[in-house]
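Have a look below at one chain only, the form predicted alone, in structure tokens format.
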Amino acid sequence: MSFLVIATWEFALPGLKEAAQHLADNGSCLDAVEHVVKTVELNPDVESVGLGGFPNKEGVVELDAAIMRGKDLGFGAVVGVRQFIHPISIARKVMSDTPYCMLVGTGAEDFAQQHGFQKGELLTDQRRQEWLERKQRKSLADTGHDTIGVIALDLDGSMACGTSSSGLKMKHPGRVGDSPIIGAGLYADDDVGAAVATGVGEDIMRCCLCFYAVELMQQGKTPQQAAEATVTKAHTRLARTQKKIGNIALVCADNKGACGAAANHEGFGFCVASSDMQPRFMTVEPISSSE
């Protein structure tokens, strides 16, 4: 059996390198996923996740995160969490220690505090200044977003995936994207594989992107074929009824260690490492569009 870890965006590379060594040493896929996400959540230079995440239109950073275990379809998510830097760890605690799948807002925050998670200031001086400038310009949310999404396959053949995000810039308070939504922002099933998404959550949710990609792998498509077919189908379907389509990107992996990625826009890339591949960053050519 071989291991694999794959994650969206170049900012995942430092954590992915450490996760790859963890997996090579027979570590668990859940620990690998959580580690990569936590590393990004702690990076104040990443404006879309955790510490330094961009605030909503009221100047408050709200974080969403989710984690999924492919062995038994275990799932945990937290939504709209404020003042906790590692929502991915809170989400994992929801999955492991409660009968629930999702906690939101003050309920999630109370749960985090009861389980010893420490509060901290999320809004950095740089992000505060950028927020003030956008507020003066009356600039609303962007058309894309750089969610951290991670998939891991360990040497025991188990799979897990996770996501974490601060959501669209200048979002309405309480807005939730695809990141913590099972089947949209992430999905994992040891019988098949896993997928994680990044981009505009509203469009990703409308198409149940990640569940569809895993279903295509179940039907026999390779991860690359599944990623391309999923993004193409979503983009084509949305183009029939929407004047503007947000950024949509996806990475997939199967339970044998193959992987793939696709996007409907320029500039998307992912990091990957496996038993046969040293950690590296790779870019993705956008799918061709009939739009």
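Source: prediction; values computed, not measured. The numbering used is simple: start at 1 and walk along the sequence shown.
The form predicted in complex with a small molecule is left out here; the points below concern that form.
Every residue of the trio Ser165, Arg175 and Thr198 has some heavy atom no more than 4.5 Å from the small molecule in the predicted complex. Exactly one of the stretches 74-82, 176-184, 122-130, 89-97 approaches the small molecule in the predicted complex with heavy atoms within 4.5 Å, and it is 176-184. In the predicted complex, the small molecule sits beyond 4.5 Å of every heavy atom of Asp154. Not displayed here, the small molecule is approached by Asp146 to within 4.5 Å at the level of heavy atoms in the predicted complex.
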